[in-house]
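To begin, one chain is listed below as structure tokens, in the form predicted on its own.
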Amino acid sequence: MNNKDWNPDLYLKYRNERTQPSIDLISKINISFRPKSILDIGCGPGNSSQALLQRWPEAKLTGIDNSPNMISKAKAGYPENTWILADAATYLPDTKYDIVFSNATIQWIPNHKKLFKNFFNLTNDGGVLAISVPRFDEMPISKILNRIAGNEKWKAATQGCAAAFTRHDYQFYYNLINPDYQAVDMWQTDYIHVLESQSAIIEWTSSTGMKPYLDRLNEKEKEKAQFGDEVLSEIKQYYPVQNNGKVLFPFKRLFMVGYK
């Protein structure tokens, strides 16, 4: 497996926690018709796609992702759906969809003004755009990563990693979506994930928010382990062990639904 590609097995180790935001977003989509077509942008290994089909089993679902490993995993697990290896930033087929959906993907894509215009053009009239995005930058783990990456020992190797993410607040997205849609719903949720240990936070983030930093140390396993140890040392200060030995991992997410 290409280490710079995504690791679907590691990603799915926290399948329930990663899928719950998709379930919550889907439950808030208020439509009276049965969608015939759904596009899942950044579908990963297909877990969010299955949540969509549980609500609308008759819809034809297409999932796109730029990770060969993730698309292979989705194809193997759910061969009845359509899976396409594609870059969400440039994906503009002739087809339009009743629902354009994306969970925890757009933070990896630059130029959201252009991106959301593409999403608008992918959505049928009367259709729905539904997006969730992690507010990782507001979490202690993000600040820990940036602080350690800025240390003299690591800054040459990890320079520019923070720029791998595109982050905006809810006001930005409201003003971006509102002119093009008849109605917009937005909300933020703090999930409190109960993990087995402080090391589990390293495991969780190594396949997502910490991935760009670890990729820079891809050929240096010893340095990668040392970087992780330094992150873990600070995690222990911000994410204490609870009375029962568990660790609480608060995770904020922003949700938005636009009705075209």
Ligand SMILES: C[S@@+](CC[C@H](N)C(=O)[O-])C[C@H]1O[C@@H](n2cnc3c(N)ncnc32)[C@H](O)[C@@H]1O
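Quick caveat: nothing in here was measured; it's all calculated off a predicted structure. Just count from 1 along the sequence shown to find any residue number.
As for the form predicted together with the named molecule, it is not shown, yet the points below apply to it.
Using a 4.5 Å cutoff between non-hydrogen atoms, L217 does not count as a contact of the named molecule in the predicted complex. Using a 4.5 angstroms limit between non-hydrogen atoms, G228 is distant from the named molecule in the predicted complex.
Although the partner is absent from this view, Q198 stays clear of the named molecule in the predicted complex, with no non-hydrogen atom inside 4.5 angstroms. A residue is said to contact a partner when one of its heavy atoms sits within 4.5 Å of a partner heavy atom; I26 fails this definition for the named molecule in the predicted complex, lying far away. Of the residues given (M210, I235, M70, L53), M70 alone sits with a heavy atom within 4.5 Å of the named molecule in the predicted complex. None of E80, E152, D87, D190 but one reaches within 4.5 angstroms of the named molecule in the predicted complex through a heavy atom, and that residue is D87. Checking 116-124, 136-144, 100-108, 178-186 against the named molecule in the predicted complex, the stretch whose residues place heavy atoms within 4.5 Å of it is 100-108.
Residues R18, S22 are the members of 13-27 with a non-hydrogen atom no more than 4.5 angstroms from the named molecule in the predicted complex.
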